[in-house]
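To begin, one chain is listed below as C-alpha cells, in the form predicted on its own.
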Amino acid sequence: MRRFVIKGNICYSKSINELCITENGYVVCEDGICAGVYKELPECYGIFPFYDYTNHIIIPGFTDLHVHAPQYPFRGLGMDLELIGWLNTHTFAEEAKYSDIEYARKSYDIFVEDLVNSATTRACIFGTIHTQATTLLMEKLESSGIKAYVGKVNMDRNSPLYLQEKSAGQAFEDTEKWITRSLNYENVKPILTPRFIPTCSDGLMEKLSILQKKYHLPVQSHLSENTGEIKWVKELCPDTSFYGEAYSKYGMFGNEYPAIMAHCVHSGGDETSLMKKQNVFIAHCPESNTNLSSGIAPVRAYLELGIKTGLGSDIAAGSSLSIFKAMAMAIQCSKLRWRLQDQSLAPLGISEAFYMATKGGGEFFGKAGSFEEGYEFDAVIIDDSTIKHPQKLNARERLERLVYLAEDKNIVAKFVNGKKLFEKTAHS
C-alpha cells in the first residue's frame, strides 16, 4: 500500500534556512511520492488509508552519506589514535575478518537490523574488498527495504597484504563481476569505492575509471581528512597540486558521474572550487573528525558556496548510527570552530543541520529527503512523549530537543519510498 495519509507534526526542509513545520497537519503519499503537506486535508484524499499520529513528530528519513558497515563491531574503540594509526591498528584487522562469510553474516545481520531501527532511510555504505561479503551485505539491505548505495572497497598498496587486491588487473575483474551481479536490485545500487588515494595505485585508479565509464557508476571515497594524509598524497602523487586532483584526473571527482567525498576538513581554495564546479557531494562527519583529531570542517563555507553537503555517521570512527547525533555534533563543532579558529564563519543552527541530514544528503538519491511535492516518500514517526518535561513546547522546540538528545529509540514507524518498513503500534 503506497497511497495513504499521515497526520502529525510535520517537519521538513525546503532550503538550508527554511525549516517548515505544520503542527498536527497532514502529509500525503501517492504511489510512493509525496503529494503535499496540508493544514486541512483536501477532500480528494479522504478515501486514502489514514495513519493517525496526532501529536507525534513526523520527519523525512535521514540520509547517511558515509558509513563503513564492516566497522560496526568495533565502534567506540581506538579513539585515542589518529587516522593512519587507527586504520593500521583496528580497521584493517577487523575488515580482514570478512573473508569469512559466516563472520560477515553475523556482523551484517546486526548492522542492518540497527540501521533499520534508526531514523536513517538512505545510506551510502562501504563494504570490504571481499566480493562475497559485499554481495551478502547488499542482499540483506535489499530485503530490509532501506535505500542504499554499497561499494566493494578497492585497495592495492599501503595496507596489509592480507587486505590488498592481488593486482590492479585482478581487482578490475573481481569488481566488474560484482558490479554485474549488483545491477538488478530494487533498493540497493553499486557505487565505485576506491578506499582513498594512499591505498590505491595509479594502475588501480585507471582500471576503476574504465569500470566507471562502462557502467556509469557514482563514486565514494575520502578527501583531505587529516593533515598527515594530505602530505602523504602529495608525495604519492607529485603531479597533482591538491588532493582532489588525484581523483579528478581519473574522472572520479564529480561532473558526469556523481561523487561523494567524505570529510574535506582541510580542503583549500582550489579543491573547494573544483568541488563546486563539478558538483561533488561532501559528507560531513563531525564525530569522526573529532574522535580521530582530524579537525573541524568549514561546513558553513561549503553551504554558502552552494556545495552539496550532507552528513555521515562514519562508523566506526563515529560511534553511532544516529544522524541526530551527527546533527548535534555538526552544530557543536561549528561553534568551537567559530569561537577558536575563524569568527568569519557563523556557527550552524538547527535549520542547517536538519537540511543536511534530510534534503542535503538526500539529493544524492535524487528527489529525496523532503515532504515537498514530488519527492520520494520517506518518513520517520517519533513519539517523544516519553521525554518528561513540565513546560509546553511547540513542534520546533521538540524537534530541536530530539536532535540534541539523539532519541532514535522513540521511533514508532518508518516508511521508505512509500513502503512501511515497520510500525510498533497500530495506528491505521
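Between two forms, the rigid core is the largest collection of C-alphas that superpose within 1.5 Å. Residue numbers here begin at 1 and follow the sequence given. As the structure is a prediction and not an experimental result, all values here were calculated from the model.
Although not depicted, the form predicted in complex with a further copy of the same chain is the subject of the following passage.
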Quiz item: With the cut-off set at 4.5 Å between non-hydrogen atoms, does Thr135 touch a further copy of the same chain in the model of the complex?
Solution: no
Exercise. State yes or no: in the model of the complex, is some non-hydrogen atom of Val412 no more than 4.5 angstroms from a non-hydrogen atom of a further copy of the same chain?
Key: no
Exercise. With heavy atoms only and a cut-off of 4.5 Å, decide whether Lys39 touches a further copy of the same chain in the model of the complex.
Key: no
Quiz item: Hey, in the model of the complex, does Gly203 get a heavy atom within 4.5 angstroms of a further copy of the same chain?
Solution: no
Practice problem: From the candidate stretches 375-383, 397-405, 360-368, 54-62, select the single one in contact with a further copy of the same chain in the model of the complex, where contact means a heavy atom within 4.5 Å. | Solution: 397-405
Quiz item: So which of Lys189, Lys140, Arg75, Arg300 gets a non-hydrogen atom within 4.5 Å of a further copy of the same chain in the model of the complex?
Solution: Arg75
Self-check item: One residue of Leu305, Met79, Ile210, Ile101 in contact with a further copy of the same chain, assessed in the model of the complex (non-hydrogen atom, 4.5 angstroms)
Solution: Met79
Quiz item: Does every residue of Thr91, Met155 and Ser159 put a non-hydrogen atom within 4.5 angstroms of a further copy of the same chain in the model of the complex?
Solution: no
Quiz prompt | Residues of stretch 118-133 in contact with a further copy of the same chain in the model of the complex (4.5 Å, non-hydrogen atom) | solution = none
Quiz prompt | Core superposition between the shown form and the other one, C-alpha change of Ile16 at least 2 Å | solution = no
